[in-house]
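We begin with a single chain expressed as structure tokens, specifically the form predicted on its own.
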């Protein structure tokens, strides 16, 4: 029997329009994610939780600094049914792209403790944190799915999104839409 878990990746203010490192479609995916949340009993949501000074900001604009307004979940995200929040990128030298790199909880352990067999991933940013989380779920042995209608890309370089989707598909991660659940 399969047990499904949802990982919501970085649906934070700084990654949505008006934020420090926005995905153009960041606001658009929130209603879809809110519908998905209702279909899962086990939900982990990750957050970038960077210190004020980190080497990560040599590559990216300052964003999601722990405790800041930009690090909060988007106000329209339904957070009531989230079981765990995984904080990542918390050190001065780590990027923390994957939810599996969280420093406050062991996401892999938590999923296995709850007998999760199938991991579904949605959130921001497709070509970085969503991809890294999905790849780590797959490597950890979970049957892994990514909702293509519930992800948004920062698209730092043109074509990054398509490349990321292709890489995930090539690894055996299934790309699906909310309606196929």
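In this text the structure is predicted, and so the values were computed from the model without any measurement. Positions refer to the first chain, counted from 1.
Omitted from view is the form predicted in complex with a small molecule, to which the following refers.
- Taking the partner from elsewhere, no residue among 7, 13 and 72 has a non-hydrogen atom within 4.5 angstroms of the small molecule in the model of the complex.
- The partner is not drawn, yet in the model of the complex one stretch among 109-117, 48-56, 134-142, 29-37 has residues with heavy atoms inside 4.5 Å of the small molecule: 48-56.
- A residue is said to contact a partner when one of its heavy atoms sits within 4.5 Å of a partner heavy atom; residue 100 fails this definition for the small molecule in the model of the complex, lying far away.
- Contact annotation for residue 60: at least one heavy atom lies within 4.5 Å of the small molecule in the model of the complex.
- Contact annotation for residue 128: at least one heavy atom lies within 4.5 Å of the small molecule in the model of the complex.
- Proximity of residue 150 to the small molecule in the model of the complex: non-hydrogen atoms within 4.5 Å are absent; the residue sits far from the partner.
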